[in-house]
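The chain that follows stands alone, in the form predicted alone, written as structure tokens.
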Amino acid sequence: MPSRALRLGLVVVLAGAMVLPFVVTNFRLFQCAQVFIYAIALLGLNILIGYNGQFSLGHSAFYALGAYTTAIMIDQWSVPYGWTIPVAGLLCLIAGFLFGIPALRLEGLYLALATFALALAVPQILKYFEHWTGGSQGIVLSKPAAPKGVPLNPDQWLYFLTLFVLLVLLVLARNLLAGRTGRAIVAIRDNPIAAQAMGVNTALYKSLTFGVSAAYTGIAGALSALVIAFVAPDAFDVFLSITFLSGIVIGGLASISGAIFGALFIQFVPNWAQDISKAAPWAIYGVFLIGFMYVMPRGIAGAVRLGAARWWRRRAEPS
């Protein structure tokens, strides 16, 4: 019964998401598309931290790499935007895998420091290659129009595009983590020595996990370039990595649905904090963070699961 109710709930949510573009403003559609993009990035980071136990403060670098891949391919080479998304993901997959190989020697705070350095370096590197990246001024793009014959404006089309990519990547992540590969990834997090003793190639799996995580984040960056229609180095600073980290903790570590809850948090809570206090919005944001951590220490997804389990248990008890 709970699984049936869950499936019904997912159908209702998906149906609501399909109707939403026709009943809200373009600005709200832009915000929703940003939520979907953040959810993809958080899902990638959660695979790395929540499921594999590797810590990263540098995923803003892969987000930037994906965004600039799309922007440069469109601006410099006039490549159709649809092709730039998988290319950005593939490029970030390779970059993440290669970065993950030397990172095998690092764990915990040392790995966090190495990825932190990556996040600091990438915006400065982007400014250096001014011919390709536009330097500090960045690259201005045009929002892609819907395919010919599809009666949608650009914001509606980008909403459906980001939603579709998110759903595909959610299914891929669920299948990956539910199979043998997922069990190996989690085993490395729980006890790497035992996992290696059972025949798990920890070096390969850790590097591949880093690559897959970077690929998800790069695809999110590519979609962000299309939705915002602008990329600049200062938009991908280390604060973005910290925002991603807070998103997966608030949403719920080692939870696929937690990526969506975390994306909603990092998209809307800063705006609410700004509305509450124009003078000290980040103080209000900090209060929200502390409050969520105290009330829901396992994240929003963990609190939802716990609440649903208690509700079904009460229903199952004889009256």
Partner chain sequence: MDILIQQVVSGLATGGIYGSVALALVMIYEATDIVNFAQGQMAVVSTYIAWSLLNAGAPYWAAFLATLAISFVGGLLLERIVIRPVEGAPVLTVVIVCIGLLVILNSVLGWIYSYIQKPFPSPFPDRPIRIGNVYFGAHDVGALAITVLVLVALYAFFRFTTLGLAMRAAAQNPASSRLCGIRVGWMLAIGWGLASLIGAVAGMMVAPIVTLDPNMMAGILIYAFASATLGGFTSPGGAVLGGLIVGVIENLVGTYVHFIGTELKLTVALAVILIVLLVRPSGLFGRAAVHRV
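Note that this is a predicted model, so its numbers are computed, not measured. Residue numbers count along the first chain shown, from 1.
Missing here is the form predicted together with its partner chain; even so, the following discussion is about that form.
Q: So which of W132, Y110, F164, W83 gets a non-hydrogen atom within 4.5 Å of its partner chain in the model of the complex?
A: Contact check passes for Y110.
Q: Just give me the single entry in L170, M73, V249, A184 that has a non-hydrogen atom within 4.5 angstroms of its partner chain in the model of the complex.
A: The option sitting close enough to the partner is V249.
Q: Where, among 255 to 263, 278 to 286, 36 to 44, 59 to 67, do residues come within 4.5 Å of its partner chain in the model of the complex by heavy atom distance?
A: Correct option: 278 to 286.
Q: When you measure heavy atoms, are L106, I125 and I242 every one within 4.5 angstroms of its partner chain in the model of the complex?
A: Every residue of the spot touches its partner chain in the model of the complex.
Q: Any of the heavy atoms of R298 lying within 4.5 Å of its partner chain in the model of the complex?
A: Yes, R298 lies within 4.5 Å of its partner chain in the model of the complex.
Q: V269 near its partner chain in the model of the complex, any heavy atom under 4.5 Å?
A: Residue-level check for V269: no, no contact with its partner chain.
Q: Please determine whether G179 contacts its partner chain in the model of the complex, using a 4.5 Å cut-off between heavy atoms.
A: Heavy-atom contact with its partner chain at 4.5 Å: absent for G179.
Q: Can Y205 be called a contact residue for its partner chain in the model of the complex at 4.5 Å between heavy atoms?
A: Judged by the heavy-atom cut-off of 4.5 Å, Y205 is well away from its partner chain in the model of the complex.
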